[in-house]
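So this first bit is one chain, no partners, the form predicted on its own, shown in structure tokens.
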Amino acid sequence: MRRGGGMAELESLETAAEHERILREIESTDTACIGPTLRSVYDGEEHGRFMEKLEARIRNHDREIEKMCNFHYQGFVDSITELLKVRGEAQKLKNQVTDTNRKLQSEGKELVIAMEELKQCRLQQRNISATVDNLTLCLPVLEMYSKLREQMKSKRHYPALKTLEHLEHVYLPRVSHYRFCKIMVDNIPKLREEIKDVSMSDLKDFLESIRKHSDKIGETAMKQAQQQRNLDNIVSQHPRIGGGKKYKKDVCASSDLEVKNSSPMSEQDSGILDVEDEDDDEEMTGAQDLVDFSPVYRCLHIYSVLGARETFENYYRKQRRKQARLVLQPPSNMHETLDGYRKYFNQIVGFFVVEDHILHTTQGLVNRAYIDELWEMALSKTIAALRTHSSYCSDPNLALDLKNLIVLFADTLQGYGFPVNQLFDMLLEIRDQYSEILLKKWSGVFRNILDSDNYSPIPVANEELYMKIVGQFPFQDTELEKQPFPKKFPFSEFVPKVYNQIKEFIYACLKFSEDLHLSSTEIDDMIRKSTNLLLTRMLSNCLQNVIKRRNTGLTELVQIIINTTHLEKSCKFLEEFITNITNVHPDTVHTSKLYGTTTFKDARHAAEEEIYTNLNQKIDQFLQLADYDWMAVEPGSKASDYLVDLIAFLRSTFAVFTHLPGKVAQTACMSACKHLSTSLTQLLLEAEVRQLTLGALQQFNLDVEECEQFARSGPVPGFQGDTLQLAFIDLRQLLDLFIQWDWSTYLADYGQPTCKYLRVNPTTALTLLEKMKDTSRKNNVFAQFRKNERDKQKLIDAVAKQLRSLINSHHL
């Protein structure tokens, strides 16, 4: 119990100590933090005792407060007494102040009203002054903005851009705190874009306009070049040397003038000036003067100011490249008329006139490299187009006009400083095409001349006609001049016509060579080569066709030989003619020679061969009329009718050969006689003639004698002795052998140079003998019973046997 009592006492002491501690904390701790302290009281189980402890502590503090109040109470009472006295005095003072205030308010009421009015006036004055000052700052801004809108409305975009720049950097910063200024500032980029868009629209209109009017610009430029060239030709007969430079100088002068008159402030917006009345001007203006370039200049300056010059340059060059491709695309039917080519060239010239002017009047919008690139493209496409379309040309006049147009085109662009050597090189190609066209045309001309010719010597009835022919063709014949009128030239009408057409051809070739900047030697060489082609190809073919034509008779062939002989002699005059018009002596090293002599010789040889062939064909036709009775016992009294007609034909034919060269007539006569001899021999030996009598052979001999008589009569002069008779020598010896029946001599002398029947071939003799042998056997059924017949048959068999022996020995 004692121990238990001790424990309780100990716990009571601890609780009392804890409560004391809590009370001290409550006294010393801020009221806001007293919560945790009180929680510790309620967490324990002795809060009742704590409350008792708290009540005891409150009572202690009340006793201490009471003691303190009792100590100071007398001073408090004295202070209250004095305060009551002061309250009375304060009330009096308050009444006096209230009365004074009332009097003051009453007296100063009018003053307050006047002061209030003064205050309002001063405020208004200050506001008015501030407003005037602000308006002074704002009015220039508004005026500049109004000016800007007016300039944009009137499409003065470059001045508008300058105004906008001044407004942005000078005026708006002064009034930047105003709301309307902020609106303006926000609107400035839009205005710039609007100016850019409008100026770009003007540029597009300009580009479209010059695209449509390029042909008019080019036409004017080419007319100027033509006038300049005509002027140069008038001033001097020498090839113009400085014409291109002078023309370029004029162009540059016009360009400088254009720069002065086309300032960025210009208000002219149309790309092309009124060009309809230009033709009425006595003095043609420059091609570039037809164009108002101010839209380009304005747009360039605007984009330069806006810092977008590179964008503008790229756009301009891109669009012009596109236009260049369109301009360089030729129409599909350009080759049909010269106007098609002219319009094509005008557009190209107009395009490059504009670009050249832009190059010289702007700094950097286009440069020389860009122009050269465009020109190279244009040159290649133009040359390709001309090659294609000129190949369709078949009219020499159109080709010549095209050449003149290309030369003018090249001279025009050369005047603006563009290299045109490739165009002149291409003209040399077109010159070859032109030569081909001329050759085709003159082939038709020659064909018509040859077809319409009567192939008869030209008759002249008086001196006037004679001199006219001599004036057309270089012919001199003293004998003919001495003859009285009427008389005849040896050649037919196609000789002077062909000669003059060759000269016309040379003139046509010369026309194409003009203004090609070729030397006299080159022109001479070109003319000679073309003339050689005309002679060797066209004229030669035409002559050959006439010669080979079926209906060409011997008279025509003879006349062709005579005509070609005279044309051959005229070749030297053609040489002189070319020399006179080119001033190049034919002895020059590089000068080509005319092949006319060869051409006419070949034609003459062909005509001669055709004469020989025709004569032989005529002979064959007569021989087809031969009707021999190979079984005749006795010959007739005269030559066969067909042969008499044949000889008469040959006599009349060779009579026409009087104007032929001697060798030609002799060769024709010899050829005819040889062919007649050969044909008669074949007729005698042909397989269809199986039997042959001596009487038929004697009739055949009469025909051969008629031929020999013809040969001896000298149908063509110039044969020596019996030369012409030699054509029948083979047939003569064969007939003599059989008619004279001289086999002993033939067989004995065979193979010797002095043999009487040297030209008789054993095979031929055997063939003919076999025909007579069969006839002897079948001539009479009783022939074998007659001694003479039997002896003759034995002789024939013996001769045949010996002939076979000769033939076999000859083959071995």
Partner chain sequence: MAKTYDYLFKLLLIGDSGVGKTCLLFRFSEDAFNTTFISTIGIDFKIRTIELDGKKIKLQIWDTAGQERFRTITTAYYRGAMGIMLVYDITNDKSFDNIKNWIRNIEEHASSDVERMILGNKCDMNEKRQVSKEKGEKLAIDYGIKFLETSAKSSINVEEAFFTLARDIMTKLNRKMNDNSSPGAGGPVKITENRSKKSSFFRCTLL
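Residue numbers count along the first chain shown, from 1. None of the values given here were measured: they were computed from a predicted structure.
Another form exists, predicted together with the partner chain; not displayed. Remarks below refer to it.
The single contact residue among 556, 524, 703, 356, judged by any heavy atom lying within 4.5 Å of the partner chain in the model of the complex, is 556. 451 is the sole member of 376, 477, 451, 514 with a non-hydrogen atom lying within 4.5 angstroms of the partner chain in the model of the complex. Figure note: of the listed segments 347-355, 716-724, 166-174, 623-631, the one touching the partner chain in the model of the complex, with heavy atoms no more than 4.5 Å away, is 623-631.
None of the heavy atoms of residue 149 is located within 4.5 Å of the partner chain in the model of the complex.
In the model of the complex, the partner chain sits within 4.5 Å of a heavy atom of residue 688. Using a 4.5 Å cutoff between non-hydrogen atoms, residue 641 counts as a contact of the partner chain in the model of the complex. By the criterion of a heavy atom within 4.5 Å, residue 488 is counted among the residues contacting the partner chain in the model of the complex. Along 627-651, residues 627, 630, 636, 641, 645, 648, 649 each place a heavy atom within 4.5 Å of the partner chain in the model of the complex.
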